[in-house]
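Here you get one chain, nothing else, as structure tokens; it is the form predicted on its own.
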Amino acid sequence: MHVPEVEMHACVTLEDASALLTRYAPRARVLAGGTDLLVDLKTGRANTQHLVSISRIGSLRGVWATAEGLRIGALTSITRLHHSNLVRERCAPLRDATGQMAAPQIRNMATVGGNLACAVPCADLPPILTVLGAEVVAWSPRGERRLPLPQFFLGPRRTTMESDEILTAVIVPPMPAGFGAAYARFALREGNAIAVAAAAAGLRLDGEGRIADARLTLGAVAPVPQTVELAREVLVGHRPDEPLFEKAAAAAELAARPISDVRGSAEFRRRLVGVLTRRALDTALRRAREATS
């Protein structure tokens, strides 16, 4: 494998980057950390002649507390996100994903924006961010556009981003009182293995300990992060217990649309979904109870 001949453009402003994307469309791609895109170029999955690097746009790097919640810059590395005190204090479930992603060297380079914009079905951030109610912020010369994550993904490596748009940030709203969330994944080895299947769960308890709201999103078992509405219907209004979580896990297995490949058969992945859903629900419940105590 080798990287095909491409022309690199280094930008210091969003305006410059957007102009280059427009000029060279459809043969231009945004380059951030490059951990997904460079692999796609080597394997022929991406066909582009121009790489528009935004790595010098410092305003896209960092985590900030705002009135809307946490604003995470698109160029923030996975390592920086994982070690952010703001994330630890206000959005700890994100660290379930960031702590398991790839190898340390990859986490140092990989960016939040890249993990989302590449729209790889096995990406780790989309399921837990979906459960947390996150939105992406896309910038173009026409202004900013905000999209909830379920509206952002169209299919494998396909999003609703326009050719001149650049993903600049992710907004994660404050977690409501009595809410807990968790992310569970399975990979074939620890190291840098990608997820074979994953599940993110969120539960909000009312004052009597019943489930007032529930969210469940699957990863790596469908073309896009798969939100399981049936699981919500199963869970809401009931007191959490093992039989209830088993029903939710069964609903998740039914909703999954896995494929068979070198990492596992579709049936293997479907069974994993049930196991991971129960794990995520158990951890989310523990955290929800801690949030109400």
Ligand SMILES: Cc1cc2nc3c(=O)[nH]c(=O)nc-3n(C[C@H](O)[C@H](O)[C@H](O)COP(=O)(O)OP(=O)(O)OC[C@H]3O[C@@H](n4cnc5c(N)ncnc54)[C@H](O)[C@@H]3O)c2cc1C
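Just so we're clear, the structure is a prediction, and the values are computed from it rather than from any experiment. We number the residues from 1 along the sequence you see.
One more form of this protein should be noted, the form predicted in complex with the named molecule, which is absent from this view; the next part is about it.
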Of these, 212, 147, 122, 86, which has a heavy atom no more than 4.5 Å from the named molecule in the predicted bound form? 122
Heavy atom within 4.5 Å of the named molecule in the predicted bound form, from candidates 102, 196, 205, 182, belongs to 102
Given a 4.5 Å cut-off on heavy atoms, tell me which of 122-130, 172-180, 86-94, 212-220 is the interface stretch with the named molecule in the predicted bound form. 122-130
Do residue 228 and the named molecule share at least one heavy atom pair within 4.5 Å in the predicted bound form? no
Under a 4.5 Å heavy atom criterion, is residue 134 part of the interface with the named molecule in the predicted bound form? no
Would you check, heavy atoms only and a 4.5 Å threshold, whether residue 34 touches the named molecule in the predicted bound form? yes
Residue 39: touches the named molecule in the predicted bound form, heavy atom cutoff 4.5 angstroms: yes
Since the partner is left out here, which residues of 93-121 would have a heavy atom within 4.5 Å of the named molecule in the predicted bound form? 101, 102, 106, 109, 110, 111, 113, 114, 115, 117, 118
